[in-house]
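Quick heads-up: it's one chain on its own, the form predicted on its own, in structure tokens.
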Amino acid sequence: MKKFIALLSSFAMAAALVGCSAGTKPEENPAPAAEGVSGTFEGTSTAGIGGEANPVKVTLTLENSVIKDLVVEGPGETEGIGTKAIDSLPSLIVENNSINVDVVSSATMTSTAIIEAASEALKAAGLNPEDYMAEVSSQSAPVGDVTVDTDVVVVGAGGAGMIAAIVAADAGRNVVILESQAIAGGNSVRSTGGMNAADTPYEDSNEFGETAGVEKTLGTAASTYADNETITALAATVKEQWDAYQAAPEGYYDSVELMQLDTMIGGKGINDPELVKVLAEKSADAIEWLGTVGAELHNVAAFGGASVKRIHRPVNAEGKVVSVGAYVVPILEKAVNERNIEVRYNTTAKSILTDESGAAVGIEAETADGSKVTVNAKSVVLATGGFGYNLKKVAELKPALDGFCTTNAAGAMGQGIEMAEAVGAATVDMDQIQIHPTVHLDENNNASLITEGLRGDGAILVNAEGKRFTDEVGTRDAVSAAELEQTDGFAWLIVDQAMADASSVIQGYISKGFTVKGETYEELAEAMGVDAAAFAQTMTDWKAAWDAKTDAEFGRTSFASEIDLTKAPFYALTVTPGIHHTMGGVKINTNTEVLKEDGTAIPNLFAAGEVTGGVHGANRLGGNAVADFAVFGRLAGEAAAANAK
């Protein structure tokens, strides 16, 4: 059995690296003898993301030892990622009478769990799983080279790509999407927090109670960025707004200029001011546009680097906050399908086609079977994401990050940037690579991104000595740097039952076995392996700071209105920094046109999302990635559609 599991693990790892696709039935696939075992049998596996708390369960139906049906239950698997494997693998196993099928790229853990659980079900039937290991080809029979003519070709089916495609289709254009992976979503589906947007009606539903955040931002602008003209000008405008608000407070205070100021300070002042202005100015409209396709982000909360509560999040039917990526991506997929937009999965773009003048006129791509796909188009939109999965490239650009884990999807290899450079595109900020401070590593070193919303909602961080060590809602680079200075470079994230009751995300972490638990602070400290007295004192000091709404030790200004971390039981999970976002990429203007080194636009070529640089500068604020792909994805779709007339 150990040999079999090792084989599956090796196979899963290889598939994750190459992006294997769903296979087809081979010409020869010998089945067990005609007379054999019949009935229904069950098997489980803890190899999925749900772990021991929510194992993957397979119910297998056999007729004469032939697999006739397979039903998978995976309540702990990630919506939009693991659920893709649950949807696709059963039919493949039944069709081929084999459990030796390719894992779904980006859903390796769930895929492996399904295969392992099916193996256990076969063993429960008294059969040998190795008899059901007939190789299933990862490639379809070659169909030959294909040429497609369209108005707009979009490369990448993440948030930016699907939004651009939807907008272009709604403008009356024919659209084709090319996606290198077997499923849509890219890094977008992994986003756990929400979307920053300024001056929305959903902010107005909140009571404006915390003022220290604005004062702190204005102080930082004056003390640290006095020589930055953009930040100084924005700070002057915000100061004027803030003084007027304090003189006659009415409603909720936020503004486009304050979002710009937060983003510029978060990016260390090296952001492209014009792109930041567009991000903030069009963020509220983007929230409303998402609502028109069924993605409502109306819950507003605090997030790191923001002066006020600005991040907009989805909630489920029970009113509990859910992960934004797993919520938004399926809705965008549905909108793409409703518009009959052609999506070619497992099709990797290799180069941008250009004419004699250097204008982009299409994409040359390759399918999993090696066939060439040529898409001739009037407009080309790059939405291929960044290069955070390409650890070799990350280490080359920033050697200090060599050896870090990554939260990125397998498709984030940077091919789009390289294709654009090959046709003369300029790049910007390529060495600006963000590490996220809250990545949970399980016992097998599988990385899971832990939403920044926990800290915004009231969670704190403590080190191996049981003590706080930083402002938990500082910018990601600052919190990550503080974590790396602690013993063994990790921290404990502390939440209580009140937070768990309000968030299905936290409940998911608990059910997946990420957390340890205690009915008292001392009991939690014992489960964490930290000094009980020191930790209890930390929690007492935090309660005093929360009551006073003043953090004299670390300067935190965000205090959740109802969360003081006093409702038992208490939970903690380990977190450490991991590679999360690449701020650098191709250079664009405010119309999403890709620019050359001389500042002129490459005709017919547009880009949006993490493939671009300039928006986030040296550090991206949490909540600005979704804002980025929503705002600039729409702009790219509009520009590409207008260009394709």
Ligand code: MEZ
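Bear in mind the structure is a predicted one, so any value in this text is a computation, not a measurement. The numbering used is simple: start at 1 and walk along the sequence shown.
Absent from the display: the form predicted in complex with the ligand. The rest refers to it.
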property	result
Contact residue in the predicted complex, from Gly193, Gly458, Gly362, Gly80 (heavy atom within 4.5 Å of the ligand)	Gly193
Answer option from Thr451, Ser558, Ser448, Ser98, heavy atom within 4.5 Å of the ligand in the predicted complex	Thr451
Heavy atom of Arg173 within 4.5 Å of the ligand in the predicted complex	no
Contact of Lys309 with the ligand in the predicted complex (heavy atom, 4.5 Å)	no
Close approach of Phe387 to the ligand in the predicted complex, 4.5 Å, heavy atom	no
Contact test in the predicted complex: His436 vs the ligand, heavy atoms, 4.5 Å	yes
Interface segment, criterion being heavy atoms within 4.5 Å of the ligand in the predicted complex, picked from 614-622, 42-50, 591-599, 61-69	614-622
Members of 551-576 lying within 4.5 angstroms of the ligand, judged by heavy atom, in the predicted complex	none
